[in-house]
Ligand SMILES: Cc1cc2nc3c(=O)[nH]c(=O)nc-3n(C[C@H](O)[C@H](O)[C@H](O)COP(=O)(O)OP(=O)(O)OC[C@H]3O[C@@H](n4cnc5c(N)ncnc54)[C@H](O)[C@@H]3O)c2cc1C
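Just the one chain here, laid out as C-alpha cells, in the form predicted on its own.
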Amino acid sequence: MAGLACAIRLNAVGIRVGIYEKSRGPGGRMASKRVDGDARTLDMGAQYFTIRNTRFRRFLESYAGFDTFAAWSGRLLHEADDGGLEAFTVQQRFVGAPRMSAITRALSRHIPVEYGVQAERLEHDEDGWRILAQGGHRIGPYDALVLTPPPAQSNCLLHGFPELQKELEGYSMLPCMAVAACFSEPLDLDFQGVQLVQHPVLRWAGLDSSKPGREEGVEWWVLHADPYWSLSQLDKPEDEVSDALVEAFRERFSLKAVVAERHIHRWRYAIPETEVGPGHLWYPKVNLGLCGDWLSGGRVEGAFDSAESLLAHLRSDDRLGFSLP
C-alpha cells in the first residue's frame, strides 16, 4: 500500500516511476491465498482496515474504485482486562472485495509494476540509483529511490551506506504465524472476529467467509498467533506450529469440531515494535526515502499515512522542482 500510494501520486504529477516487486503480485500483507482449486481466496494477512483519514478514502475511491472494498458488518469482539469478551468500539471496518488483494491489484493498474524482481543490492553514483537484481539485471538509473520493504530487508539492500543501516537498526518488526482452517462443521460462534491480548498463543480469529463478497457455505477461519509466540516458532516445523495454533483456538472456545483442511503462512515481518514512528525517512544527500506501516504505527491505513508523510516532505523540498496536490 505504501509503495503504490507513493508511486501513483508521483505519477499523477508527471514523474516517471517504476515499481519493482519480488512477489508474483501486489499486496504485501494485503495478499490473499487461493485454495479449493483457486475457487476460493483467503485473507492470510491484514484482516480489515479503518478509514480515519479522509484522503485515504478519496485515494481508494479514485484509484482502486468503489467496488474493490466494502464495510465488514461482522460482530467483532476483543478481550478485556478481566479476560471477558467485549464488543469493539463502534467504528466502521473495511475489507477488500471480494478479497483483500482486490484493492492492491486495482491500484497497480495505474503504474508500471515488474514482478518477480529480487533485489540484491543498491548502487548510487552521479547518475542516480540502480537496483542490482538476481540474474545480473541492473535496473535504472533513477533520480530518487523509495524503499518500502520492512526495515530488516531494506537494511540488507543498503550495503555501502553504513550510516543509513545503523539508523534502520532502531526499527524492527515482530513475526506472525497465520493459519487458515476449515472445520468439519460450522462452529456456531456468536462472533465473526475476536482479538485476544492475554492468550499466550492466539491473538486473532476471524471468520473469513463472513466478509463481503466471499464464497458462502464452508466456514474458513483465519487464526493469527501472538507475535512473541510466533517469534519462538520461526524455526519449528509448519505442522507443529499449525497444530498448536488450531488447538489454542479449539481450547479457548471449547470447540469439538476437527479441522478438515488448513494452510499456514509465516509472516516474518508483521507488527512494528514501535507503535509511534516518524512517518517516513528521507535522506536528501542521495534522494532516498523509506515509507511503510512500520514507520507509522502499523495497519493498512498506517502504510498510506506513511506514504502521505513522505510526499508532504517532498512537496516542501524546493530542490526537487515539482508540486503535489
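The first residue of the sequence shown is number 1, and the count goes up from there. Keep in mind that what you see is a predicted model, and the values were worked out from it rather than measured.
Below: the form predicted together with the ligand, not depicted.
- With the ligand omitted here, the record of contacts in the predicted complex names 116-124 of 137-145, 185-193, 116-124, 238-246, defined by a heavy atom within 4.5 Å.
- Checking A106, L255, L164, L157 against the ligand in the predicted complex, a heavy atom within 4.5 Å turns up for just one residue: L157.
- Residue M30 is the only one of L42, L60, L281, M30 with a heavy atom lying within 4.5 Å of the ligand in the predicted complex.
- With respect to the ligand in the predicted complex, the three residues E21, Q153 and H224 uniformly fall within 4.5 angstroms at the level of their nearest heavy atom.
- Among residues of the shown chain, L207 is not one whose heavy atoms approach the ligand to within 4.5 Å in the predicted complex.
- Residue contact with the ligand in the predicted complex: R299 places a heavy atom within 4.5 Å of it.
- Contact between A46 and the ligand in the predicted complex is found at the 4.5 Å heavy atom cutoff.
- Interface residue remark: A270 is counted as part of the site for the ligand in the predicted complex, having a heavy atom within 4.5 Å.
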